[in-house]
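Next up: just one chain, as structure tokens, the form predicted alone.
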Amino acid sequence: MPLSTISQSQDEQYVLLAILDNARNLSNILKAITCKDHAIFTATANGLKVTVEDSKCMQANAFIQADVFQEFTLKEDLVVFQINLTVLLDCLNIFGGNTAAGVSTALRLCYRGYGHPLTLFLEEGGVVTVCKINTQEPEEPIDFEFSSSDVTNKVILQSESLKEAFSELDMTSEVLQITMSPSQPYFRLSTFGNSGNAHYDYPKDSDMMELFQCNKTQTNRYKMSLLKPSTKALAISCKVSVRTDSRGVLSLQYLVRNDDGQICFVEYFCCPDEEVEEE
């Protein structure tokens, strides 16, 4: 039974209905925030926001705009539920996540409302699989109160250059130290691992630097264990915006292009581990 034969009367019972020709456009971006089992799904007229948190110190959000979907129908202003993200990803890849040319898994994602499971209809090559995943009462996500009006420093980099930095820094370090300054070293990443201290500097006029807006010298340390999951978003992104506010809270925004060239965003917030005295 192809997905196209599902009747309109069946669709009418859902408060959320989202259709994708290629399920990888959802699964790839969800993999980029998978660091804990459970995620909060928030659907609005703008699209889907999926939130994962760790230790109340880190939050990862994936934003999939409504126009990424072939169809996105919402019967209520706001639909929120919690779900096991690991189970959802297993279901989305039930056909093996085939990347062969011209082969894709179509997805119809349906939710009838509070207390109901999330239902996935997945079709590939005429074979349809139906998965029902229990939903839970969502916990209130942390508000990091990160306001663009309170951003002290901001740089936008080509992701390639940040991947290079992470490959050269010592990931055995317990912390990643980030220095952002209107004067030298401008933008510096530092680690303090088993092989000693390592620094990676970016000149503000580097070809890899698309934007450099630093108003004040800030040096903050962030737990590497909280930042490591963000490298999954880095791996599939083409640009990254690094921002800090007056409290030293870090925002990493990754711009991701899906298989169809559409743009989605992944954002990580991380609280500073400790403040470092300026030299």
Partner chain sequence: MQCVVTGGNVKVLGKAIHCLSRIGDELYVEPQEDGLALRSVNSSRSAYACFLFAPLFFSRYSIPKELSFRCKMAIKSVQTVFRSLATLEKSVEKCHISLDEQKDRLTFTLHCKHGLLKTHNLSYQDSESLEAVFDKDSCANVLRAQPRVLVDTVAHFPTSLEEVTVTVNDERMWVRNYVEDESERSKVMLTELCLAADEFDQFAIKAHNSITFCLKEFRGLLLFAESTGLPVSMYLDEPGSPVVLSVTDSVLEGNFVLATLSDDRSPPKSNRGADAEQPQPSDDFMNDDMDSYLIAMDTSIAPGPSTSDLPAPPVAASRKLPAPNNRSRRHSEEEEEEDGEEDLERPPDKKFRSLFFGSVLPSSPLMSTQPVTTQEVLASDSEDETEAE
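Residue numbers count along the first chain shown, from 1. From a predicted model like this one, the values you see are computed outputs, not experimental measurements.
Another form exists, predicted in complex with its partner chain; not displayed. Remarks below refer to it.
A residue is said to contact a partner when one of its heavy atoms sits within 4.5 Å of a partner heavy atom; residue 195 meets this definition for its partner chain in the predicted complex. Contact annotation for residue 137: none of its heavy atoms lies within 4.5 Å of its partner chain in the predicted complex. In the predicted complex, at least one heavy atom of residue 206 sits within 4.5 Å of its partner chain.
None of the heavy atoms of residue 146 is located within 4.5 Å of its partner chain in the predicted complex. In terms of contact with its partner chain in the predicted complex, the residue from 150, 168, 76, 174 that brings a heavy atom within 4.5 Å is 168. The stretch in contact with its partner chain in the predicted complex, judged by heavy atoms within 4.5 Å, is 197 to 205, chosen from 107 to 115, 174 to 182, 67 to 75, 197 to 205.
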